[in-house]
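What follows is one chain in structure tokens, specifically the form predicted on its own.
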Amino acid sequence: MVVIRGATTIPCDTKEEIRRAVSELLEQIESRNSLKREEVVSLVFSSTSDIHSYYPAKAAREAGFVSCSLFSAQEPDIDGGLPLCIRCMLFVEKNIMPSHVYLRGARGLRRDLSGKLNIAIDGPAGSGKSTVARRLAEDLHILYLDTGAMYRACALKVLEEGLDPNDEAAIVALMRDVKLDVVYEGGVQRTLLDGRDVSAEIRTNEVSMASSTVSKHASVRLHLVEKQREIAGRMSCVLDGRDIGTFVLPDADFKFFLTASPDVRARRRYDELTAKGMQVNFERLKEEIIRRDEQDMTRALAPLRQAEDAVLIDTSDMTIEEVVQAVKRAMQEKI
């Protein structure tokens, strides 16, 4: 279920003006969201207290919305509120990123999200942020930028060259010649290291630990952050990591911080690795996750922490679908 918002104003409180404004608003919402009438489940209207002549819901019925439930309500008086204003919410059975419509001076009521938007999802390893980010990007039909894959690719290169992940000077020298590219095919991100697809290789536990160490180095982070900001600056996307909302995109439209208990996060990682046929020890994996948490939270540059304006979600007892829906609800509440 998706909610599409709309608002408009009328020059005077008459039945004809209400009918005209409601019809125009609904036509615009339908057009911009490519809606079919049968996809609208419910239509809820509210109008300011200076509108008495006609119910907007009746106007909607007359405009052809006969198969959905319709409601009208009157808003309480608000100091400084926009006069002669009609607002609506369409509840639709369609998996889209809604294009909200504001006509006749009503745009100042809310921000229109039909343009570019960035969503930042941060959290520790195993909190579910990457899976949720992918699902959210898929549902909203926008780009998913796997920032962690960039750091993992750098870590893989360091390991392949036999370098110490703690040797920043050596890594800086290595980075000058590394060709790291991110390409998208069929909505899926592939990570290329010197022209080679390393999307699978960078998911080993060894690379994960090395990635945490490599990402501590300011030179590495700044190099990759510049590329991430450039991508986010030209298109709508979801980014997940440990410092997206605090450092990479501090002005992101929406920020979330996902967390879960160490036991839950270790179990998720254990199930993921064993499903791939890898032999792993649960207790050792849990220790590594706790150690990585400490390392990420204490690094000098952009440590792991919740942004002040980020929504906190504990995913310990939630399914991925429940987390995705919680994120969507929070986004709708904000707009």
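Just so it is clear, the structure is predicted and the values come from calculations on it, not from any experiment. All residue numbers are counted from 1 along the displayed sequence.
Although not depicted, the form predicted together with a small molecule is the subject of the following passage.
Chemist: Taking the partner as it appears in the predicted complex, which of 161-169, 238-246, 191-199, 86-94 has residues with heavy atoms within 4.5 Å of the small molecule?
Modeler: This holds for exactly one stretch, 238-246.
Chemist: In the predicted complex, does N118 come within 4.5 Å of the small molecule, counting heavy atoms only?
Modeler: Close contact is absent here: in the predicted complex, N118 is far from the small molecule, nothing within 4.5 Å, heavy atoms only.
Chemist: Using the partner position in the predicted complex, report whether P98 sits within 4.5 Å of the small molecule, counting heavy atoms only.
Modeler: Outside the cut-off, so no.
Chemist: Would R134 count as touching the small molecule in the predicted complex under a 4.5 Å heavy atom rule?
Modeler: No, R134 sits far enough from the small molecule in the predicted complex that none of its heavy atoms falls within 4.5 Å.
Chemist: Can you check whether E39 is within 4.5 Å of the small molecule in the predicted complex, heavy atom basis?
Modeler: No.
Chemist: For the spot marked by R152, S215 and R269, is every residue within 4.5 Å of the small molecule in the predicted complex through some heavy atom?
Modeler: Yes, each of R152, S215 and R269 comes within 4.5 Å of the small molecule in the predicted complex.
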